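There is one chain below, alone, in structure tokens, taken in the form predicted on its own.
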């Protein structure tokens, strides 16, 4: 195998594919990236057996086809360190890969391409096409609520739900829930639910850079595959039952507060400075046209903010983890936010005051 390619054409797919490769591996081959040259089409593949990513690019004419595997991190670091606009020449010589650029020369060890594992195909059950920007919006608005290393492994991921003409994603860690829906042309015989693991969600989000380009998603019995012009992404699905999220949505919230998203976010951020560092608890005291935000900590320090809001009704005092509220106010858009409450022991529902496509549930704290 021998080819010449510009550094800039190689760097982007190589860095995205290398992101999938785990630094610590039990199998040496999994630290490598599979390099396959067919004609002028160069494909790079990285996998950790859970997630697989294939990136494609074009090399200069006169290349000799072939395949090998190279150490992902070292190959990426070499390409990053070379000057912008330079050309990279790679050839395989007696089981070693020789990388040349200008007056630089590097020799890398290789492992046989035949030993490189591939994520097995599974029977596809449903497929749909959306714009990359639409899918990125769904992920960006919900991914912060995924659990991290929870023993309830099905929470360490994101629910994708397909029903007639609606694509919905939901994430929860048991303390808060984020949901975002997209009305699009989806034709499924029956509603489908799958759970994409946390790593799959973060790696897919990194790929979604061309807002108006389409992405085709195929869901199988235990895999999800997303195909774009230059990349093919495959992830195993989490084998588990996601909680019935509809039962978590507050139904009878009679205290509706509407306020400036920016004012509330700044007030929460300032109050958070003096909240308990471990529990991050703040108290909201609601009265006519005003929301008082209070925080204190074990050092007897206190913070108080008063924000004008649109509210008329009974007064209410309720505690929340301020980080959860700030996370929501950071991802939603619009000038105003709607907060629905009922009593000190019930969850709060947050959404955009104008017609939004997202809902957020935050459980209260006892303070």
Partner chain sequence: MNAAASKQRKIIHIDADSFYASVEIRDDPSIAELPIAVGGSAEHRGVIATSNYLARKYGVRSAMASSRAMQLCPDLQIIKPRFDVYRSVSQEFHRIFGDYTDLIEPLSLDEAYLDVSDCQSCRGSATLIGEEIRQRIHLETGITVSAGIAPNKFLAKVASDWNKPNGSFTVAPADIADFVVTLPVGKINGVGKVTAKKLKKLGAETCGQLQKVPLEDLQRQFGKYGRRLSELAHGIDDRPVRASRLRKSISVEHTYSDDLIDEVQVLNAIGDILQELKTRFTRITDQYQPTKRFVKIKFANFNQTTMEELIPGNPADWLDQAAYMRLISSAWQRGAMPVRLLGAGLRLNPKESSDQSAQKDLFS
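Positions refer to the first chain, counted from 1. In this text, all values refer to a predicted model and were calculated from it rather than measured experimentally.
One more form of this protein should be noted, the form predicted in complex with its partner chain, which is absent from this view; the next part is about it.
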{"query": "Sole residue of 177, 207, 147, 169 within 4.5 Å of its partner chain in the predicted complex, by heavy atom", "finding": "177"}
{"query": "Listed residue (274, 285, 258, 248) with a non-hydrogen atom within 4.5 angstroms of its partner chain in the predicted complex", "finding": "248"}
{"query": "Its partner chain in the predicted complex: contacted by all of 12, 266 and 329, heavy atom 4.5 Å", "finding": "no"}
{"query": "Stretch in contact, per heavy atom within 4.5 angstroms of its partner chain in the predicted complex, of 126 to 134, 96 to 104, 169 to 177, 218 to 226", "finding": "169 to 177"}
{"query": "Touches its partner chain in the predicted complex: residue 4 (any heavy atom, 4.5 Å)", "finding": "no"}
{"query": "4.5 Å heavy atom contact, residue 191 to its partner chain in the predicted complex", "finding": "no"}
{"query": "Residue 321, heavy atom within 4.5 angstroms of its partner chain in the predicted complex", "finding": "yes"}
{"query": "Its partner chain contact in the predicted complex: residue 240, any heavy atom under 4.5 Å", "finding": "no"}
{"query": "In the predicted complex, residues of 347 to 366 near its partner chain [heavy atom within 4.5 Å]", "finding": "361, 363, 364, 365, 366"}
